[in-house]
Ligand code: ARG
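What follows is one chain in structure tokens, specifically the form predicted alone.
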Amino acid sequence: MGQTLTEKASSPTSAELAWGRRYLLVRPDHFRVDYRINPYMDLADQPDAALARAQWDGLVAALVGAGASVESFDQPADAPDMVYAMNLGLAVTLESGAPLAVMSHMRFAERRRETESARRWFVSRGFGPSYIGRDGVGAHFEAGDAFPCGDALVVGFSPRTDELGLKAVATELGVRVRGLRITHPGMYHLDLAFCPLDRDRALVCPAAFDDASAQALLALVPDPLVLTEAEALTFCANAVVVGRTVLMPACPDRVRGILEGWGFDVVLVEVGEFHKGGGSVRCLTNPLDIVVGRDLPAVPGGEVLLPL
């Protein structure tokens, strides 16, 4: 499962990710906990509105300071979870050059009210909308489960995204999708257990997956930084990478030592109020600069691969 700390620290620098320099965020105008759809949500533990806004502003400043551009829009009053922008949709530029937003079809009805507001924003920025499912029927897909990695779009499934969602995304984008079965209740989206760092490295928590999926993901990443379950539950994998800068809500000492040995700058960003809703730095940010043919190889008709 990867190299030792000493070996990792001496590894040569790998090529930076080409994507991850343009982000969509949703301002936390109406962020609150109105229901419980993940283990972190507690109606008796409400976020402090002023503190949440200050933390969100700090995240924006950290992104810009790292060299990323940020776009945002107002949060509708009836969508308290919409601040977790990562889950609104998967934005890509197709080989044809056409921008496309694959809109999420949320597992829980409480979050489906976000789709129309998100659709309007994506259309206003030139993204054509594509729909994976409709309320009550069809496939489920949540964009927090999807990342480019190696030769495929890696997509977690079971808690939120389902196998029909994998097939729909692969077909819609014309790419290879590698599905990974998530089994850990506290890491219900892939972005809580996996974070690409550069072309060869990623944060990976095997405890989030069944055995076959964990082994498949470790085999896909040439040089994984393997997280323990305890490390991952600090939300450290729910991070954003801008070039050689990693923006994280927390960084255990062992993880920091490896990242800095690899030449990354670790920037801690306080977003604790948003942990009350079950999300952190990555959940609050949606990359807008993924390109098919550059970050994702094109596969005519799409293809889905599942671990045996």
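Sequential numbering from 1, following the sequence displayed. Predicted model, so just to flag it, every value in this text is computed and none were measured.
Not pictured, yet referred to below: the form predicted in complex with ligand ARG.
- Heavy atoms of residue 144 reach within 4.5 Å of ligand ARG in the model of the complex, making it an interface residue.
- Residue contact check for residue 37: one or more of its heavy atoms lie within 4.5 Å of ligand ARG in the model of the complex.
- For the chain shown alone, residue 84 is a contact residue for ligand ARG in the model of the complex, at least one non-hydrogen atom being within 4.5 angstroms.
- Residue 278 belongs to the set of residues with a heavy atom inside 4.5 Å of ligand ARG in the model of the complex.
- Think of it this way: in the model of the complex, ligand ARG has a heavy atom of just one of 70, 41, 268, 51 within 4.5 Å, and the residue is 41.
- This chain appears without its partner; in the model of the complex, the one residue of 168, 103, 192, 153 with a heavy atom within 4.5 Å of ligand ARG is 192.
- With respect to ligand ARG in the model of the complex, the three residues 201, 256 and 264 uniformly fall beyond 4.5 angstroms at the level of their nearest heavy atom.
- The chain is drawn here without ligand ARG; in the model of the complex, the stretch among 256-264, 278-286, 243-251, 55-63 whose residues come within 4.5 Å of it by any heavy atom is 278-286.
- The single residue of 152-175 lying near ligand ARG in the model of the complex is 160, the criterion being any heavy atom within 4.5 Å.
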